[in-house]
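Quick heads-up: the structure tokens below are two forms of one chain, split into structure 1 and structure 2.
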Structure 1
Amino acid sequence: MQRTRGRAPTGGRAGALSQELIVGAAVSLLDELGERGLTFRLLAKALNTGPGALYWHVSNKDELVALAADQVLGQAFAAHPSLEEEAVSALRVLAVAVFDALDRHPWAASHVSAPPTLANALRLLDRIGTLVARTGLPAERHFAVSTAISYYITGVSAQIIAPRITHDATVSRDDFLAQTAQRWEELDPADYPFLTRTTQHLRDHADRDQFIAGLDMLLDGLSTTAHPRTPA
């Protein structure tokens, strides 16, 4: 829980530790082995130190994984100027970039949390807010709309991507969907009228398209919503 500050002349040693170095190595191990496979002993060995050394730069495993997830989130900003486009389509591009980044590192999906406190999560909400402001919505709605979009992006991405972790090793995503579809078919249509007639859609659907379809619903609602309501 300490950053390397200033430009301390730590001497010749090539492997001088730093939080960035540790988090980077953690991302690699997480990609290879998943959250359970990441171990302080293993990480320490990869960095040529003892496990205790890591605790100087990172306060515990939760923080380490959160920082690793935030680094992954940062990949979503890699390519985009995001200044040219019309605001709503820029929001769509940004959202999909986040989905794709998390899709490449499924362990990270469930660790991007709101409200943001880490660098790239802050950056994401700020960019969403700036784009929302550009839509011309009244200022008092900017916060609610921006956080709704932000929650959708990270929350729904996590819903779609995180389950893959559990099943990845054993079965492919398609097999998992096919299995689930079959289980739906075996349900009693009297209890589950919708699911039993919808199995084919489950088999055919693509996660990314699903994410985009919901996103479009939300963004369409953006321009429509006028007054809040209360549930009956």
Structure 2
Amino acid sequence: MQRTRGRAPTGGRAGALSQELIVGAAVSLLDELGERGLTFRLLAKALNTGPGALYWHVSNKDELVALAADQVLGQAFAAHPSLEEEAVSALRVLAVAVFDALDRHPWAASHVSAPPTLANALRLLDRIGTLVARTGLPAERHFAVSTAISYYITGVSAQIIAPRITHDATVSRDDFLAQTAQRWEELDPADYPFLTRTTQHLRDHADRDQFIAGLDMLLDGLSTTAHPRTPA
């Protein structure tokens, strides 16, 4: 969303910049330094301009990070097949592409908004809805199912990916999972029968496989609902 204001700010080269250029540079800094390390001063230095010029295109850091996360989300569409592919298969590929894009940029996962408001988040929901409509599901179910899939993709990705940022600074993912598994092992099996017998799976699981397992259950349900089996 390009800003239009009365006059360009002093101390920068607003006319030589664009929001897209600024956001792209912010993505690089966020990948390198994380959200806490990103400042307008560092961003201005990377772009060889003054901080004032950045505010011509982006209001504040919160908006900048949201736009950067939306740009990351948009990268997933490049890996998505054409809409001519079978709808449920295309939904699966799209969902995994989004997870992988967020996994490459963990800081972005918790900033993908739901309900969507920014350009690529809107495109994601529209793409999901377009594919859901092609499954044969009744039209009155399209909104509920499309938003449920959208929320699963963005929400579960955030739940799986975002905690790494908190723990990576002090402890590795493997160590964190091992510590959590040890706590589960110390629980009373009478009160926590599932947790105490699944600690090894917690230690060894792959985040991407965990995401895909839930996704496949969701899409299998969509296929069954859209194409119910005829009794023999």
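Since we're looking at a predicted model, the values are computed, not measured. Between two forms, the rigid core is defined as the largest C-alpha subset superposing within 1.5 Å. Every residue number counts along structure 1's sequence, beginning with 1.
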item	value
Pair member which, unlike the other, is the form predicted on its own	2
Exceeds or equals 2 Å, Cα of residue 190 between the two structures, core fit	yes
Cα displacement of residue 176 between the two structures, once the rigid core is superposed (Å)	2.5
